[in-house]
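Next up: just one chain, as structure tokens, the form predicted alone.
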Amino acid sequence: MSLVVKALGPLALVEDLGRPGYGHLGVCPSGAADRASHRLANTLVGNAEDAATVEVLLGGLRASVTTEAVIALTGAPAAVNVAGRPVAFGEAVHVRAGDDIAVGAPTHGLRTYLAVRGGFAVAPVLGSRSSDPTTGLGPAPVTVGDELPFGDDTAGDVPGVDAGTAFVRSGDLLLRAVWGPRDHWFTDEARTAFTAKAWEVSAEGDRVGVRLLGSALERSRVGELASEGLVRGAIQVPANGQPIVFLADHPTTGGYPVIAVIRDEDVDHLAQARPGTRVRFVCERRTL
């Protein structure tokens, strides 16, 4: 029982919800860049939310199944054909042994998630089946000719889920964040500008992070920090004043001040943002 890969776009990775808890060893969590879409794909086929899916960057995947299976695709919306016939995006689809599955380029967004009933049962590393292409930890990026095995839990009913929730946002983004921990390293004018003006997603981005372009944020003090721990959604501001928002494969530590941290559920939206997308932030103070 497996998915046989016949063609690929720019990148396809096996991902689950990551391997948290190893930051002290310098191991980042990784996992799906858009966790909400990953979870939904698993829900559609009746998996646990942490089952492994295939994260497809900008479409181009073509593969066949060696056995009857149930699949679903979520995230960046794309045309999907099974055995040469169009099928619904964001819904569970039954496929027969030998059927070809073809995923087109998404109309918007970056990452489409393919789930199969039973999950993809590649070998786990540190308790996770997630690939981190930056460090090489976990399964290697998917290549043509790979056979990705299915897990055993392939029987039972498939739950009904509202397909309308399967699509990622298009257009400008408004992202919720909390200030700090180092917002006091920036002038009052910089903090005001951070939320008052729109930022643009640059072309320099990957699963590590997204660079934002706009008016440089001025610091209120000189010098550098000792390295501090980083989390997904942390907005670090290097010396050039242009923010970097960290995603799934972020480094575990960094020495530039973090002006704010995006709420976890909103990081999913930024992980789908194409270059040129305009981003605004609304920030609040942390509450205990």
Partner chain sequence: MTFELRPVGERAFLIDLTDAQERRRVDAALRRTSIDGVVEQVAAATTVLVRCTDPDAVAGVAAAVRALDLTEEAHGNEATSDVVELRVRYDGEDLDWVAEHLGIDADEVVSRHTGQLWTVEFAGFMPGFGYLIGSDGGLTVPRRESPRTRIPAGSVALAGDFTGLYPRSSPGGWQLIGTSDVDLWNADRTPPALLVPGTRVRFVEEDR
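The structure presented is a predicted model; accordingly, all values stated were derived computationally and were not measured. Positions refer to the first chain, counted from 1.
Heads up, the form predicted together with the partner chain isn't pictured, but that's what we're talking about next.
Residue 20 belongs to the set of residues with a heavy atom inside 4.5 Å of the partner chain in the predicted complex. The partner chain is not shown here, but in the predicted complex it comes within 4.5 Å of a heavy atom of residue 252.
In the predicted complex, at least one heavy atom of residue 230 sits within 4.5 Å of a heavy atom of the partner chain. Interface residue remark: residue 27 is counted as part of the site for the partner chain in the predicted complex, having a heavy atom within 4.5 Å. Comment: the partner chain is not present in this chain, but in the predicted complex one of 63, 247, 244, 44 has a heavy atom within 4.5 Å of it, namely 244.
This chain is drawn without the partner chain; in the predicted complex, the residue among 104, 133, 77, 151 with a heavy atom within 4.5 Å of it is 133. Figure note: of the listed segments 178-186, 93-101, 109-117, 142-150, the one touching the partner chain in the predicted complex, with heavy atoms no more than 4.5 Å away, is 178-186.
In the predicted complex, 252, 253, 255, 256, 261, 263, 264, 265 are the residues of 252-278 with at least one heavy atom within 4.5 Å of the partner chain, listed from first to last.
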